[in-house]
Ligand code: GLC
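One chain is shown next in structure tokens, namely the form predicted alone.
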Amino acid sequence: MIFSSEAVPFSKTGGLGDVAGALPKALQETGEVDISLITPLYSQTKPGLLRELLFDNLYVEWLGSMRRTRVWYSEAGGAPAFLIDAPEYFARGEVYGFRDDHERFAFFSRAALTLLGRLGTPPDVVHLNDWPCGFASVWLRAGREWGGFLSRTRTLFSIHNLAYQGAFDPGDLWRLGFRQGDESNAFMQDGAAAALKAGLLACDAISTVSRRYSFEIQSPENGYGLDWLLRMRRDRLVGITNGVDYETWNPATDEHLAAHYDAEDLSGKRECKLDLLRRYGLPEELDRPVVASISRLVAQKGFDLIKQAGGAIIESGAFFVALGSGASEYENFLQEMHDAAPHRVGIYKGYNEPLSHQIEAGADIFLMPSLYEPCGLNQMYSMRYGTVPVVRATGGLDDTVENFDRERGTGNGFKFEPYTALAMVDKLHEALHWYAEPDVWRTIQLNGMRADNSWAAAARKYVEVYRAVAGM
């Protein structure tokens, strides 16, 4: 059983939604596990995705009373899914960003655990994801100690981004139902209560979304105050790189594209490039390279480097197109960059799923200079679409992108180590150098397109971990 605060196709704010949506389906396709998903029902969830109202009388013990809650059933994501329907908590237009987020997801955890009892057979393993599920981790541990229905259920806790820890006022712990000393103490982190810390302490095993990130988070530089805990539990910590849903992200079948193509015939990519230039109102200069970015506009994603190098990117002679929203500092910078070179720079503020596919297909180079990146998906989407990634060697970016080697003809992209604008621009120039040699560029493209970053490969690794956790 997987618990997640977001999951495609029901909800999404970032990579967690992609992962929690794709992994259940991939696990089910292995035929080796019986898997289901539990997630909230948000106002952004399309009603047509819901198959039936399964329960209208799930009674959840909450804030001193029994709260009646509805549960919907769906198979729209390719595997059984149960959606917790609590409008006062989840029908707010956004998934996160509210002062009572800790209360909202503590309720989700309590409701999900209550639902397990209603469904019948206790699961061998509950797979929890990020800080919103930290509450469930603590309650599952306590339930095991008290005996009862879930006493034999084990937990795997996945870290998708250690920086988000679900901090809140510890004065709320008692009200939320954490009244034992050990339970309350598990949350305490630098004077605040942190759901992530509690979840990591209480779970049986920990996974994170790339091998390199599993080592990085054990260091003070990348541990965000929890490196000591992760070092303490390193014997139960594993890194499994996320996969790509190749049914959704496939240039040969993608419904959002102006033309289709694959590794055997790349001709449709040129038509997709023309379509992209038109969408951004840029000159139809098909031989000029397009450098692209799809990202939350935050420092973590390397936008301070892009801001420093904006002039150099324009001077390189390439087009630059961006899709994203976030900090006003970076939104304003992109606008200024566009205003300074309207025939070279195209921007779209916000998020647009079809456009993200069109950028992956129409661009030549994908720029992803993250300060840290637990896994990253866009670099893998890019490779699938024959768009060559230029990334910083961190986390999953380092695990999935191999530097191009001209002599051996190996490598699927370009990566730099120092977190500086100069290092980023040097690698971008190297990529542009090889772009000017079509035969070499095609080699790099095909190396990326033929890489196996599928969820099938990742799912097999998760099955092995589930078996190990169930035997603990």
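In this text, residue numbers run from 1 along the sequence as written. Here the structure is a predicted model, which means the values were calculated and not measured.
The same protein has a further form, the form predicted together with the ligand, not shown here; the description that follows concerns it.
A.B. asks: Indicate whether residue 161 is a 4.5 Å heavy atom neighbour of the ligand in the model of the complex.
C.D. replies: Close contact exists here: in the model of the complex, residue 161 approaches the ligand to within 4.5 Å, heavy atoms only.
A.B. asks: Please determine whether residue 102 contacts the ligand in the model of the complex, using a 4.5 Å cut-off between heavy atoms.
C.D. replies: Outside the cut-off, so no.
A.B. asks: Although the partner isn't part of this model, could you tell me whether residue 209 comes within 4.5 Å of the ligand in the model of the complex, counting any heavy atom of the residue?
C.D. replies: Flag for residue 209 set to yes.
A.B. asks: Does residue 141 reach the ligand in the model of the complex, with heavy atoms at most 4.5 Å apart?
C.D. replies: Answer no; every heavy atom of residue 141 is more than 4.5 Å from the ligand in the model of the complex.
A.B. asks: Spot the stretch among 306-314, 176-184, 366-374, 270-278 with residues whose non-hydrogen atoms come within 4.5 Å of the ligand in the model of the complex.
C.D. replies: That would be stretch 366-374.
A.B. asks: The ligand isn't shown here, but in the model of the complex which of 189, 242, 165, 222 has a heavy atom within 4.5 Å of it?
C.D. replies: Exactly one listed residue reaches within 4.5 Å, namely 242.
A.B. asks: Which residue, 234, 296, 288, 256, is the contact with the ligand in the model of the complex, using a 4.5 Å heavy atom cutoff?
C.D. replies: So the residue touching the ligand in the model of the complex, by this definition, is 296.
A.B. asks: Is any part of 10-30 within 4.5 angstroms of the ligand in the model of the complex by a non-hydrogen atom, and which residues would that be?
C.D. replies: 15, 16, 19, in sequence order.
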